[in-house]
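For reference, the chain that follows is the form predicted alone, supplied as structure tokens.
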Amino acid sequence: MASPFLANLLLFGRTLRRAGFPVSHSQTLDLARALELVDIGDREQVFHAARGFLVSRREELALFALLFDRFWRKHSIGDSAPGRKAPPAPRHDPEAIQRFRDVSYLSARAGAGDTEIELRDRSQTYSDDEVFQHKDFSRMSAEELAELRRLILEMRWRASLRRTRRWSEDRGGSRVYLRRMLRDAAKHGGAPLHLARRSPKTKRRPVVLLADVSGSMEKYARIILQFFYGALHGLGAGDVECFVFGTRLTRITSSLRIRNVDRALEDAAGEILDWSGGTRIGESLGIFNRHWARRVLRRGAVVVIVSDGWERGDVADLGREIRHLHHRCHRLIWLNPHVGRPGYEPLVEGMVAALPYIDDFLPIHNLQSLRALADALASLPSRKSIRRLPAAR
């Protein structure tokens, strides 16, 4: 593909983002690779390929068709007959680029018979995620929260690896693969001609996410659900389990597995009956330990709890259940949105009871804290931490 055409394709992606489309750079590059498999001289093929890669919602189809027609109108892509060269790749038009920086130009150029489509000017909105690095989630405007949602969905999540009990052939392995050597020797009259080695297989650790959706966490609850959705689809739906709790424990994994993010979050919110209610952390963790721990805390799972530690129930129950949970998992991480505030100290009774059994006490109040969590999940130690825990009463 000619470089001027690729440059205009990237410019088209930026134009869609200014118009409100959640188009990532990876989607644009995937489209560029896909266009190598179609005839770029055929306008219909290019249009349908771009629509398949860049449009994710049905209500965006009409707006996408209008933007596509306006952007590529000067570079008409006609049907190329067999044996005929495709039209030359379009080159940059400085005037066209300047016009497309002002989204209102599209409305001015629309004809009288065109369908009226609402197109908000997003030229002054935030486009660089550096703006959100240190800003607290609770202080963001609606526009900033919409941009934050896009950045969360584009984050890449990786879970640390664990060694399994199974072995596989590896030339640089530490042990001799005797079974493979005997099988090869049988093919050559019993003489071993090759020294095979093996090493243990590695797999990603499962991750269990539990979030507090009580009244004290209301400002962060919806962002946490978006974080759960991004982590579940980033790490793999089969390796992540999601729960929320207030006065009761609710499993929302099935709802968040839906590919459409809006529908997934809507279904998950519909299942939560105790949204913005009271907080019974100890009772909820007790239900998890009795009914779900044996199912989901397998193969060295990592447990992540998101809560501010306000406990309305018995604090002794919280200490007992969090101790039991710590023994069952590989790593226990507690995320508190108040940790990032200057002068914060974990003085509430719930946090005081839980802190002795927490391996990592981290903040979750801005985009930087989410990225720090992603780095922490990817670099966890292979062995379980050994800590001297308080004696159980």
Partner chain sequence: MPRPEARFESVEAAGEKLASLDYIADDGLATGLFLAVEMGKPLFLEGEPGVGKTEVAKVLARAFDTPLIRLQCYEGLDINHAVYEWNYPRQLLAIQARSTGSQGGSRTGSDNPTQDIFTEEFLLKRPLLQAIDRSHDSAPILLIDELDRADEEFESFLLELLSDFQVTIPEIGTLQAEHRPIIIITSNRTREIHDALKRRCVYHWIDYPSIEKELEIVRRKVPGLEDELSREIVAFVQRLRDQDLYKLPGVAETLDWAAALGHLDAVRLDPEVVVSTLGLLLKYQDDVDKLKVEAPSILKEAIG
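Each form is matched to the other, and the largest set of C-alpha atoms that superpose within 1.5 Å is called the rigid core. Nothing here was measured: the structure is a model prediction, and the numbers come from that model. Numbering follows the first chain given and starts at 1.
Omitted here: the form predicted together with the partner chain. The next part is about that form.
Checking 334-342, 347-355, 361-369, 25-33 against the partner chain in the predicted complex, the stretch whose residues place heavy atoms within 4.5 Å of it is 25-33.
The closest heavy atom approach of His324 to the partner chain in the predicted complex falls within 4.5 Å.
Proximity of Phe64 to the partner chain in the predicted complex falls outside the 4.5 Å heavy atom cutoff.
At the 4.5 Å threshold, heavy atoms of Arg320 reach the partner chain in the predicted complex. The closest heavy atom approach of Phe68 to the partner chain in the predicted complex falls outside 4.5 Å. Shown here without its partner, the chain carries Ala7, Arg150 and Arg205, none of which come within 4.5 Å of the partner chain in the predicted complex through any heavy atom. Interface residue among Leu161, Met155, Ala146, Ala185 relative to the partner chain in the predicted complex, by the heavy atom within 4.5 Å criterion: Ala185. Think of it this way: in the predicted complex, the partner chain has a heavy atom of just one of Arg295, Arg171, His194, Arg73 within 4.5 Å, and the residue is Arg295. For the partner-free chain shown, Gln27, Asp30, Arg33, Ala34, Leu37, Val38, Asp42, Glu44, Gln45 of 25-46 come within 4.5 angstroms of the partner chain in the predicted complex, judged by any non-hydrogen atom. Annotation: Cα of Leu182 displaced by at least 2 Å between this form and the one not shown, core superposition. Once the rigid core is used as the reference frame, the Cα position of Val339 differs between this form and the one not shown by less than 2 Å.
Core-aligned CA deviation for Cys329 between this form and the one not shown: less than 2 Å. In the predicted complex, the CA atoms of Ser160 and His25 sit farther apart than in the displayed form, by at least 3 angstroms.
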